[in-house]
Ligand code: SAH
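First, one chain by itself: the form predicted on its own, in structure tokens.
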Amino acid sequence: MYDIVSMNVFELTRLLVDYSQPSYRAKQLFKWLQSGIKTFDEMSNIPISLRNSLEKDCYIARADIFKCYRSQIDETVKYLFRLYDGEFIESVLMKYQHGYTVCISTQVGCNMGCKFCASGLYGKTRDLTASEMLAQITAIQADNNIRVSNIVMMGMGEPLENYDNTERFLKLVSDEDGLNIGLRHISLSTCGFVSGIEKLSLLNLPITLSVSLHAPFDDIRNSIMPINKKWNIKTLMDACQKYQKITTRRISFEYALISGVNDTRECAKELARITKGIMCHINLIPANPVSENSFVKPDKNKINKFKDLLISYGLTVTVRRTLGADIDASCGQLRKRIRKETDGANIQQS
């Protein structure tokens, strides 16, 4: 069956030829499909005969809310979605002064194996389609009766390992006849998937590239991020420089501070050295506790000291505000908990 929500207007136009339908129906279909409908019956201005034919040959990807947790600390909402095959993914809704931001997943699980992240504890099951990425956004909008203005692709998975679906999602979500979320309002996070960064640079999209760096020395990064053994820091930094030369966009380097691992004066000095010549922003993230490792986030004084060191070296630095700490809002934590609770059990649709 056709994954019809992942189709653009041109592809829908070609599909409609099989049903002897006029080309203008393609844009009508596209608007409906991108709006988050769950059934073809909702397409009120589409002939019933066409709706019936599409229902036989196509499917509408859905992300069904399985669990929903609302923070008592802030207005963050954590979603555990169940997909058509029973797999689970996570998304987070965050409210800021400028509007609503949704953090979406791009894979079921993750193969990157970063030691400080809960997403990869069970490995990757499969990639998400562009339609399943879109479904997270439309489901959250409908559940809260809001319009999402910003997207961060920082949930479960490595977006650039799922490159083709990620590229298709970016083009669909920014289409003026779809959700029409501007590319400048989208951040894509990668752990340093260099081949994907190189391909993405050729598209020259005005998105924000966020690179999960987390260590300035290869030996430290090797120990916490296995991908560094394939593409070391120099290779990654070279790719980032080339990306910026093409796109002229500032790069955000994510840096999870782990006490006694990457929070030293030497680390701060080396971080300044390797990012020299790259227009960038350093986003310090106090490490989230994961029961499967012994990592501890530095205390507030050490975090501020590290930040001040980086600023003294001429870098632009912020410390990420923790949102939804009481609802396991960090990626992978909720799915991990559900996996443990339901290990060996057949979860029935709620």
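A quick note: this is a predicted structure, and the numbers were derived from the prediction, not measured. Start at 1 and count along the sequence shown; that's the residue number.
What follows is about the form predicted in complex with S-adenosyl-L-homocysteine, which we do not show.
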Exactly one of 162, 262, 275, 190 comes within 4.5 Å of S-adenosyl-L-homocysteine in the predicted complex through a heavy atom, and that residue is 190
Pick from 267, 183, 154, 148: which has a non-hydrogen atom within 4.5 Å of S-adenosyl-L-homocysteine in the predicted complex?
154
Out of 89-97, 111-119, 229-237, 70-78, where are the residues with a heavy atom within 4.5 Å of S-adenosyl-L-homocysteine in the predicted complex?
111-119
Considering only heavy atoms, tell me if residue 285 and S-adenosyl-L-homocysteine come within 4.5 Å of each other in the predicted complex.
yes
Is there a heavy atom of residue 254 no more than 4.5 Å from a heavy atom of S-adenosyl-L-homocysteine in the predicted complex?
yes
Look up in the predicted complex whether residue 136 has a non-hydrogen atom within 4.5 angstroms of S-adenosyl-L-homocysteine, and give yes or no.
no
Is residue 212 close enough to S-adenosyl-L-homocysteine in the predicted complex to count, meaning some heavy atom within 4.5 Å?
yes
